[in-house]
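Take a look at this single chain in structure tokens; it is the form predicted on its own.
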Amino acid sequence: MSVAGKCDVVVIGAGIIGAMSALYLQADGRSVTLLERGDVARGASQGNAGILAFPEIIPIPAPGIMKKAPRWLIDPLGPLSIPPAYALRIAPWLWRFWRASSPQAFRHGLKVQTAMMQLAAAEMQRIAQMPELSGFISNTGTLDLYDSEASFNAASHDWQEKAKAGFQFSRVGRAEIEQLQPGLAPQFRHAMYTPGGLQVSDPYEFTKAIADLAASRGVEIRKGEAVRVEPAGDGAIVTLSGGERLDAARVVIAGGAWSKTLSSGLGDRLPLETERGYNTTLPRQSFNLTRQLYFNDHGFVATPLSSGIRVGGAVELGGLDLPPNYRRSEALLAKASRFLPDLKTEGGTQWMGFRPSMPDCLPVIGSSKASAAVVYAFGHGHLGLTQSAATGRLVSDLVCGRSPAISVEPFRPGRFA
């Protein structure tokens, strides 16, 4: 085996979390190697909706959610799906998800997500002020749409919690909905409008720009697949698939859905699962979409990107190995065409990606039990882009030995032991 020279910090994974962590670590004076087995930003970071969803503080595992799940699961193309071939494997994760939906766990998750989102918004504001990145972020505003007054009222508690956290929004009726986004189906008469809703123009281009900026400031971007991380003295050894070994003072594992194998090798058996997300990106001229649309009763969004109109969402818990089921993309697009009657659905590009998700829907940010030299940063589920700058800040705090900007105790890897 060949042994490379010593590295200061190796960040494994060049998606949005890894790229942002590398940028923050470099700003803190660390020498960083950003290791990516494929191409930068070509995983889950490529295909997200581009929404900076800071108001999304409500934990997904909420009291009563497991009563709704059977109804969702009846529809194989509905907002939640578990392929039969994966049902047995996902059972332990679902049990932990159910435990996380207790009232006490829900209140804890709400408090943690509120603190995390407040940090995320503040840190992303710093990122947006960088000349190289400012052009990627714009204020489009967000419309949260409901099918009926009953479903709108059912969400009132969530909106009350968002108001307590300091987020600004207002209820709007049909006339205002039509003014804010012309062309919606007449069924939408109840909505919340968040004027401060922020949008990334294209998540791939944004992540690539972060990696490029980090590289211009001295971060080395290397192609290579990490197959093992092991403690070595005060640092750690990263072994690549070809046998090369990197001797690092610190290692950050930010490999998204692929982080589970590396953390297991370090003795941290984490319940990391994979939400398979689907979308279709239509040509920009397919519809005059002016802002982010949440179709809350159907579990999907439509967002205006520089690369087109992206329609995506829903959850398929199916792991990394099953083939994609693009009928889910087609089902979302069919719904979107009913809700946006003038939408042209031809010429779209389908995509499926792997969202790394923990059963309590909180990320893993903290040191491995095997060594303080190894820091984890993965498991953000739907919120990787949104929480990327906050995670970069926290990772840099941990690697550099500072007290973290917020407590990382709720994110510690050992919380599932």
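Predicted model, so just to flag it, every value in this text is computed and none were measured. From 1 onward, residues are counted along the sequence shown.
One more form of this protein, predicted in complex with a small molecule, exists but is not displayed; see below.
Checking 283 to 291, 89 to 97, 224 to 232, 341 to 349 against the small molecule in the model of the complex, the stretch whose residues place heavy atoms within 4.5 Å of it is 224 to 232. Among heavy atoms of Ala44, some come within 4.5 Å of the small molecule in the model of the complex. Using a 4.5 Å cutoff between non-hydrogen atoms, Leu394 does not count as a contact of the small molecule in the model of the complex. Although the partner is absent here, Ala254 lies within 4.5 Å of the small molecule in the model of the complex, judged by heavy atoms. In the model of the complex, the small molecule lies farther than 4.5 Å from every heavy atom of Arg30. A heavy atom within 4.5 Å of the small molecule in the model of the complex is found for one listed residue only; from Leu35, Ala389, Ile365, Val374, this is Leu35.
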